[in-house]
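Single chain ahead, by itself, as structure tokens, in the form predicted alone.
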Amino acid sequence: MGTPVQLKDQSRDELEQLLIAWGQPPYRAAQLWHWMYRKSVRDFEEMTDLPVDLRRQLSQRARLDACWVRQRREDPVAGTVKYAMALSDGLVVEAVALRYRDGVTACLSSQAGCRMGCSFCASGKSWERQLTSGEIIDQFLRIGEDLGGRRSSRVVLMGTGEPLDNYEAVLQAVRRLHDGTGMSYRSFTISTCGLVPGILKLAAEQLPINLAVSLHAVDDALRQRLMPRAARLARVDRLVAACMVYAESSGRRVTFEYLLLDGVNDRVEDARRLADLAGRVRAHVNLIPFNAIPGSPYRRSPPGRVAAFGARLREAGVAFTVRRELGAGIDAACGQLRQRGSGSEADVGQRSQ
């Protein structure tokens, strides 16, 4: 009978063509799409408006789930939840639910591992493979299911992996979540370490998706030390120019992510140069406290230096925030994913359909 079709890897048009090939009327695709994205069901038998023969075909020839929750850990203080998501080939990726007063943000992975090798990040210590669009989508749907049907109001592609290194699958996932759940494109943020061709390609889509760029250094030499592959691919001035193109094309304000490292990139002079770069793009700056990973030579900047750094940005008229820390106690904060494998306190034991 062949390899089962992964339904969440299919666009709505592709689902329609698939069902037509199976002898079904094309309107069945809309019903199936509704069950997958609006209802987030995990069993074909729950799709009660589909005829029995189609449900039988689907169970024999298709897969409904691309991943499922194997384990979860919850921070008892902040309510942040980290999930170990099992894939059909046995690999495990991680996703995080971040609770805020105005809703839940789903932080999703785009790759199993990462090829960028940033020196301060645990996620780049291993590489397995690209994720499919369905595997990205299903992380979002499984988080909603775990939270009792409470759908996340925002999606950030900031988990394991470099989203623009998996461009097609990431954009397909964003488009399908937009079409399937009704979420605005403005509710999505793609985070990149600065892959300029991907930024320009995304700019050409002219979608109002938020872009967060991991800058972390204001000169090429230091960026080469901190982010060797990203720095080799583009100089800082070329990256800033691409961000200007993106802001103009998308109509969205770019965010510069800046990880503050004690004695490395946190001088007042660094703040002055960062303010100059941000001013060119009219970017928002997100200052990020460093989260320790085993074997790292870095330390987080002390509070006084963070305050002085922020004061310099403020004086230059640059809008900034200091990222609120969520999930560090369960290894779910920025840069910590995959540092201790994907184990957790509770084996949920879901299985895929």
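Quick note: we count residues from 1 along the sequence shown, nothing fancier. Every value quoted in this text rests on a predicted model; they were computed, and no experiment measured them.
Not pictured, yet referred to below: the form predicted together with a small molecule.
The listed set Val81, Val218, Met158, Leu226 contains one residue whose heavy atoms approach the small molecule in the model of the complex to within 4.5 Å, identified as Met158. Out of the listed residues Ala271, Cys193, Val93, Ile136, Cys193 is the one that sits within 4.5 Å of the small molecule in the model of the complex by at least one heavy atom. Contact between Ile293 and the small molecule in the model of the complex is found at the 4.5 Å heavy atom cutoff.
The small molecule is not shown here, but in the model of the complex it comes within 4.5 Å of a heavy atom of Glu257. The small molecule is not shown here, but in the model of the complex it comes within 4.5 Å of a heavy atom of Ser214. Although the partner is absent here, Phe120 is a contact residue: one of its heavy atoms lies within 4.5 angstroms of the small molecule in the model of the complex. Considering the small molecule in the model of the complex, the lone stretch of 95-103, 272-280, 73-81, 184-192 in range is 184-192 [heavy atom distance within 4.5 Å].
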